[in-house]
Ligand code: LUZ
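Presented as structure tokens, the chain that follows is alone, the form predicted on its own.
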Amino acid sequence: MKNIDSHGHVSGKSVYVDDIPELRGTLHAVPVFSEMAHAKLLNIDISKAKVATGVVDVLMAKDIPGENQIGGILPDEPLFAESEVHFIGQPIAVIIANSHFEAREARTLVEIEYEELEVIIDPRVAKQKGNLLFPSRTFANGDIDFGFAESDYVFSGRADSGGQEHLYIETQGSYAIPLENNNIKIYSSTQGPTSVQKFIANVLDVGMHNIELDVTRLGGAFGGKEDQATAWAVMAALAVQKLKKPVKIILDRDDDMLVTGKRHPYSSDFKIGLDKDLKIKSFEVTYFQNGGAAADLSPAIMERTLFHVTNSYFIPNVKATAHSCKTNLAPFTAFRGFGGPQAMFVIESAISFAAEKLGVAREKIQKVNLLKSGDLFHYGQVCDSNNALKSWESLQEQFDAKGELLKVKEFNSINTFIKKGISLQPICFGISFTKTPMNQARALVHVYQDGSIGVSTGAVEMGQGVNTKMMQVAAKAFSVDVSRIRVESTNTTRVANTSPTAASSGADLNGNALQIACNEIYERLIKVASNLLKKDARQIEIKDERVYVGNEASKLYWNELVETAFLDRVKLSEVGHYATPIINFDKSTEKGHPFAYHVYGIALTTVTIDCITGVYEFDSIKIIHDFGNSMNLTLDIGQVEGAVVQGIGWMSIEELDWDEKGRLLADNLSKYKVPDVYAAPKIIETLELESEGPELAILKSKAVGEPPFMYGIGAFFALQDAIRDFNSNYKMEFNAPLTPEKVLLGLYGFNGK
């Protein structure tokens, strides 16, 4: 089944927030941002802006009737700064005008006096000064001192991974409309409708029932609209409450890039111990997470980092400590992988470093340490499959990995200024929200009297195809054609108290809730059919819109059955509620069973470097991925391809940097490089790992949104492999991204200087 939005997307008919026809009298909002990274606010003069052409009002903290607070996990982030600013781009006010351009022009008339304070952008410096966003945490298992004592080889090093701009096609935005009785409806580009609803209610000092959030789809998100969509929706709603007119806020691309949070940069120290058989006996790591100026989702992201310390390897002795460091940058936020990629990059760097020191192939250490069924993760959960090793073996069978490694060696032996590099990158990624209460969902199903079906869930469509999968779940549950089903927008009045569509759990949580609701209605219809046909209900089923008794088709069709049920006053609507069983985690011991299941896989990445210029291109990436029993392989392979290219971008060309005053240097698309058609691998080939999906995955089809991103980590090590072949004196460093500039320096021995 194809993505149900495909035609709308390519024909331009799909509706996003900025496409919604504007009501008469709609006003437009543009925020006023801090131009200093850390300063006291001495005076804010909005007098000139208030009388500028087209301006209706300028709202500040003093205009908030409720709480000036939008912190998602910790209450440390005001909607509007009052006495002090902590990053460039922190909102201070919002200008409401008749047009977007008039509001933007008026913004230049706001005069702000600052008293500049110390600016910190380095997480290690922040840690030294005691600037943490929240208490540090440590996950440990076994005895690392004993493990290092047992080791024949011990190596220490450092690994740094950079941030990453989400660069969703649709920028942040909301459109708020006043309703009767002081209620407000908001169309928001958010992954978390309930979260936005809650913060609007708190800031406006009203009940959540007064606020209706509606989301049809997002033009991309990648985590950047899980928490950071909130501020803009709240500003629009605040203006509606005061002015009683519709208000739209759509960030310009330059504003969006400058002021929104990105993937967390990490700086990490590692120590790894191995025995003579290359078994990893002990691993110790300290992560310095750059959290920015407020907590945002950093506590949860840091926790997921700690869960993914060992990637797909079994290590008996582990100690991992993470510090979330407060700096004067925009609060960093969720991004595909949610802290997992940063952890995996460090363990892969440690393995690569050890391999270089020992003079062995990196893949030898990788293979001998892969997880097996029965192995214990360092957080207490037991590995329940051999899929890590099966993926490795399948890669050899399907893509002749050993042969590819030999081809690269042969190519390099006869070429001087063109070098190839190759790497193997296994992954293991846990699926569930790590905060147990978030693992719940609801769905509302209506079967109309003509046999058509309406489906509402808490899942937000953002290009990943979750609406298509929801349609498939309903169609399978009722055994009807998908043409009978409509998937409604995600709306807080139909499905309340939703978890955000994040953590790769959108299809699992909402699909299971939907399945429960459908099954309840289905059982009622079977009873109706049993009465009509005078047959035992246990013999009856619906197949392809027809009622069967045993294996024989009756004369009763779906639409007739539904109409009869309606006339008999049978309930044809249902709310399904699903809470993931089994999962738990005790933070006092940092042990438990936090994930419903794990996703495994492996990628073989090949790159070619022009050693004269440092320019490189990725020849191919060949993947064995653990889909479980994929319910829509076309959608799932699309997710793998998009994720791996995004991961390659993070490791290779996407580079964020700030000056010493905390100003983002790559603040527009002329400065920030993302993978285009030329940067993507020439060949991306993905094959299914033959394995049975887990019961907790919807229809045994495993989550696929985030795990494939980690395959992109292999790009970094493939590049290093090629550099080392050209420059035997290359000093291996683990500082991502490995841009063409860094590659050129490494080729000629200037890295680290």
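Throughout, we count residues from 1 along the sequence that is shown. Small disclaimer: the values here were computed from a predicted structure and weren't measured.
Same protein, other form: the form predicted together with pteridine-2,4(1H,3H)-dione, not shown, and the subject of what follows.
- Interface residue remark: Asn141 is not counted as part of the site for pteridine-2,4(1H,3H)-dione in the predicted bound form, having no heavy atom within 4.5 Å.
- Heavy atoms of Ile418 never reach within 4.5 Å of pteridine-2,4(1H,3H)-dione in the predicted bound form, leaving it off the interface.
- In the predicted bound form, pteridine-2,4(1H,3H)-dione sits within 4.5 Å of a heavy atom of Ser432.
- pteridine-2,4(1H,3H)-dione in the predicted bound form comes within 4.5 Å of a heavy atom belonging to Phe338.
- Among Glu226, Glu165, Asp636, Asp508, the residue placing a heavy atom within 4.5 Å of pteridine-2,4(1H,3H)-dione in the predicted bound form is Glu226.
- Though pteridine-2,4(1H,3H)-dione is absent from this view, in the predicted bound form it lies within 4.5 Å of a heavy atom of just one residue from Met344, Ala474, Ala503, Val85, which is Ala503.
- Taken together, Asp160, Lys326 and Leu656 are entirely out of contact with pteridine-2,4(1H,3H)-dione in the predicted bound form: none brings a heavy atom within 4.5 Å.
- The candidate stretches are 476-484, 677-685, 432-440, 167-175, and the one lying within 4.5 Å of pteridine-2,4(1H,3H)-dione in the predicted bound form by heavy atoms is 432-440.
- In the predicted bound form, pteridine-2,4(1H,3H)-dione lies within 4.5 angstroms of a heavy atom of only one residue of 699-724, namely Glu706.
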